[in-house]
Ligand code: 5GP
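A single chain comes next, written as structure tokens; it is the form predicted alone.
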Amino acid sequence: MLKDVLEQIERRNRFLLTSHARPDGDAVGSALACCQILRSMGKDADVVLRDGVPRIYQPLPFADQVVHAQRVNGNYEAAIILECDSMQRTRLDGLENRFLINIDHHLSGRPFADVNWIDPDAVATAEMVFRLARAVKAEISPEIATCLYTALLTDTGSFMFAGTNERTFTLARELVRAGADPAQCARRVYFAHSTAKMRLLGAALSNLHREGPLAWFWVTQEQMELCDAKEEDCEGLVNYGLSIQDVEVAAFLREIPDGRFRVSLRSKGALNVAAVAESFGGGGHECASGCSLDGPLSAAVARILAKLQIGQSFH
């Protein structure tokens, strides 16, 4: 609960903040904002991310202060882990035996830490960070508002995912009033793609398949290399499958160097893809989730399609 988190923050002075590997907008924006809120309270705080800040989020305020490291170094009194269902999802070494505070809004959230604040009713972890700021009467500066608005924008799928409600737009309004520029935030996220990502999109869509309300496509490691694409260039590609008329669920598979496949799942709301992802050890939102599967490609596709078709409730 929030009060437990506040109590532990009050007791300590040095904090590490982190989130999951391959961080998305909510992970980055929430961590950056929470760090600044702690600093405004007179605390020492650092953001450490195993994979660093993806290129499209590097223009965010304070992003240049993020420590890109594989191991936690420093005499931190507590680690605040945002948007994770386990310590392992951070892929950071050195978190063991530290006091952990878990702040998460996913349905798949798990109470793995010493203190856990999990609120699946929150539309994004950014909403929870905003509530924390209000509770400690911290000023929401234009820079903090920009981080939180970007987190909110991306984690709601530009306010399209199920769960977006009146409270979501109330929060967006508060952040804009605090100084976030919604047009600029959107441009930085949606109109700043790399050439490699556009080439990768073409390669992915060349593998597009459709069966009724299901769409699925993939990219191989060879295609990634031919396009000179990075891991972060795959973010959001799954949405192109979901954008097809009458498609209710889309799956995007990306081969990683060890031969396994990372799977991104999206739904328009008729199917809970978080439950599908959880069955493979992943998790996420009802309408946006992910997991990993062993290869080869044909086996990974067959496994995910079988689970999606069993779970179909939109015929």
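Residue indices: 1-based, along the sequence shown. Not measured: the values here are computed from a predicted model.
This next part talks about the form predicted together with guanosine-5'-monophosphate (5GP), which is not shown.
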(message) Each of R50, P54 and K230 within 4.5 Å of guanosine-5'-monophosphate (5GP) in the predicted complex, by any heavy atom, yes or no?
(response) no
(request) Would you mind picking out the stretch of 242-250, 258-266, 63-71, 31-39 that comes within 4.5 angstroms of guanosine-5'-monophosphate (5GP) in the predicted complex, counting non-hydrogen atoms? (result) 258-266
(message) Residue-level question: is R22 within 4.5 Å of guanosine-5'-monophosphate (5GP) in the predicted complex, judged on heavy atoms?
(response) yes
(request) Check whether E127 has any heavy atom within 4.5 Å of a heavy atom of guanosine-5'-monophosphate (5GP) in the predicted complex, and answer yes or no. (result) no
(message) I'd like to know whether L17 contacts guanosine-5'-monophosphate (5GP) in the predicted complex, with contact meaning heavy atoms within 4.5 angstroms.
(response) no
(request) Evaluate C291 for contact with guanosine-5'-monophosphate (5GP) in the predicted complex, applying a 4.5 angstroms cut-off between non-hydrogen atoms, and reply yes or no. (result) yes
